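The chain below stands alone, shown as structure tokens; this is the form predicted alone.
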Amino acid sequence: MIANRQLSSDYNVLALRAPSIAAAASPGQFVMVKAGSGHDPLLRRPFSVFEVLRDQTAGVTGLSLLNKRIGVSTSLLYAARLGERIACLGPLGRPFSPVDAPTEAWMVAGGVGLAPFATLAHALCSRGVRSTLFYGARRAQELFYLDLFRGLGVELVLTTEDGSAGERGRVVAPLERRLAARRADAPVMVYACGPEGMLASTAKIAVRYNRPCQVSVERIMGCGLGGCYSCVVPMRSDDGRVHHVRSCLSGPVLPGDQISWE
């Protein structure tokens, strides 16, 4: 671990020296991280690749992870010290599919669901795609890295549950208003990551306005390699039948209109 930037009493960003993993990572992919050197926690935990780190010559040096202190693993990562070895396996999973102009990209993030959008925003910027980030949190102090997105030319639409920044309420409200006002012939791709309730609402709103939607699902993963079946997601086939896929292999990015949200 080469840096630990504490953003608040609960959130931090860890920088790991993992150049080969970072160089191979695509927006939306994740890594399995083992915090600490003991047996508690026993298993690795999944984290989206937040940033691909580069040196002054643009050479890839590592990656960063956006972490929220909740349980044992995340608490160990919050308290990690410089030079500490952190086992990191990846990159894993199915990434986002960046669109090309003139299609616009609308990213919807809730809380730590911001994590995959830094790399996606970079990819979209390099393609000249006009992008908007709908970003919601409980309060203003939990809205992070806004300057990074502004620097990439991403429009920010902010919401907080307590009204301390942006619009008061849930992030899907301004998303729905924007979709309702947008011409049917003006293409837009919706990307979403965050709590499952937010993902379900985002996907259903996208369907309502006939817009494609890619969601990055959050599932507990025991292995990240498809062996434990702990991360299954119910999906609807074209005939309406429900089948299950492993989000570590088929996802974490999945088509929102095909997930069975009930």
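Residue numbers here begin at 1 and follow the sequence given. Small disclaimer: the values here were computed from a predicted structure and weren't measured.
As for the form predicted in complex with a small molecule, it is not shown, yet the points below apply to it.
Remark: L66 counts among the residues lining the small molecule in the model of the complex, judged by a heavy atom distance of 4.5 Å or less.
Within this chain, A115 lines the site of the small molecule in the model of the complex, having a heavy atom no more than 4.5 Å away. Although the partner is absent here, T74 sits close enough that one of its heavy atoms falls within 4.5 Å of the small molecule in the model of the complex. Although the partner is absent here, M221 lies within 4.5 Å of the small molecule in the model of the complex, judged by heavy atoms.
Contact here is defined as any heavy atom lying within 4.5 Å of the small molecule in the model of the complex, and by that definition not a single one of W106, F134 and A186 is a contact residue.
Segments offered: 42-50, 55-63, 233-241, 197-205. Contacting the small molecule in the model of the complex at heavy atom distances within 4.5 Å is 42-50.
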